[in-house]
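In structure tokens, one chain follows: the form predicted alone.
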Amino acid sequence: MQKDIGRLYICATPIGNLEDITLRVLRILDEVELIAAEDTRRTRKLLNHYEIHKPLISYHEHNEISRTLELIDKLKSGVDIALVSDAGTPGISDPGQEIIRQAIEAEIPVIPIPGPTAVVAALTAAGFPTDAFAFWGFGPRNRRRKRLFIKDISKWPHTAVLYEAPHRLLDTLQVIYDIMPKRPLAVCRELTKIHEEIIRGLPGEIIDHFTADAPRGECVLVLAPFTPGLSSTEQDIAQQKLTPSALSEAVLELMGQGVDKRTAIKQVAEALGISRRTVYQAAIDIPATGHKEP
């Protein structure tokens, strides 16, 4: 590593609660010569809370291109810079990708300092399978494009996570209801803050909730994965009627499509976010042929 070149630190900051910050991030913020912040006023509050006094420079979506050139020059001259966003991890639906890309091209060290991100916080609390998931960011604002966007998500075989602004949440939920009314989902609002709220259920139920109580604060939506072969039992699943009979029928339906019993049990368990043993016990009387004994 060249000694005469600066380093770009990608620093994750709290998404709400100021205690959700790592000791390493605090040390880096106190050591660098300059902090590039999406909102200098918000970052200043964080720095003041931890008695860190460093110069700040704005870096947001409206000046990202021009400011990147300026910051790259500073890095080349040997200045260490910490990049922070309003909340969470820079580059994840926040400014940061452009300076990271150009720093890599210029062979400037890019050092990630991990920490909070609303994606993972919501994913872990939603209760859906986490072995594989897709983050879709913010969806389109245009209604027609939004419908195409949600249709793509509806066929995704893994848990899907997306962001939405509070004033657009009900419209997005309505589109989800129109396309997949029986798909379980969770809406995580104001994560880690005083008024944190996690609502789980069917799209229609969640629409009713936020119609009666208008949403405030940024929202994260987590949708259960699409699982081919479970259409006839989807309503029971969504309504939390996870009876042995419903689980058994789900396994039978998959086996009727040519899936072996062991794989069918695994797919049903993953789709519902429950243990394989629970599904196995419900389907214990199903023979390998897929036909129950009379």
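Start at 1 and count along the sequence shown; that's the residue number. Remember, predicted model here, so these are calculated numbers, not experimental data.
The next section is about a form of this same protein that is not shown, the form predicted in complex with a small molecule.
Engineer: Does Phe138 reach the small molecule in the predicted bound form if we count a contact as any heavy atom within 4.5 Å?
Structural biologist: Residue-level check for Phe138: yes, a contact with the small molecule.
Engineer: Taking any heavy atom pair closer than or equal to 4.5 Å as contact, tell me whether Ile15 reaches the small molecule in the predicted bound form.
Structural biologist: Yes.
Engineer: Look up in the predicted bound form whether Phe133 has a non-hydrogen atom within 4.5 angstroms of the small molecule, and give yes or no.
Structural biologist: So Phe133 does not count as contacting the small molecule.
Engineer: Do Leu173 and the small molecule come within 4.5 Å of each other in the predicted bound form, heavy atoms counted?
Structural biologist: No, Leu173 sits far enough from the small molecule in the predicted bound form that none of its heavy atoms falls within 4.5 Å.
Engineer: Can you pick out, from Ala118, Ile153, Met180, Ile108, the residue that has a heavy atom within 4.5 Å of the small molecule in the predicted bound form?
Structural biologist: Checked against the cut-off, the match is Ala118.
Engineer: By the heavy atom within 4.5 Å rule, which residue out of Lys76, Arg147, His209, Lys193 makes contact with the small molecule in the predicted bound form?
Structural biologist: Going through each option in turn, the one that passes is Lys193.
Engineer: Of the listed stretches (139 to 147, 124 to 132, 200 to 208, 81 to 89), which one has a non-hydrogen atom within 4.5 Å of the small molecule in the predicted bound form?
Structural biologist: It is 81 to 89 that comes within 4.5 Å of the partner.
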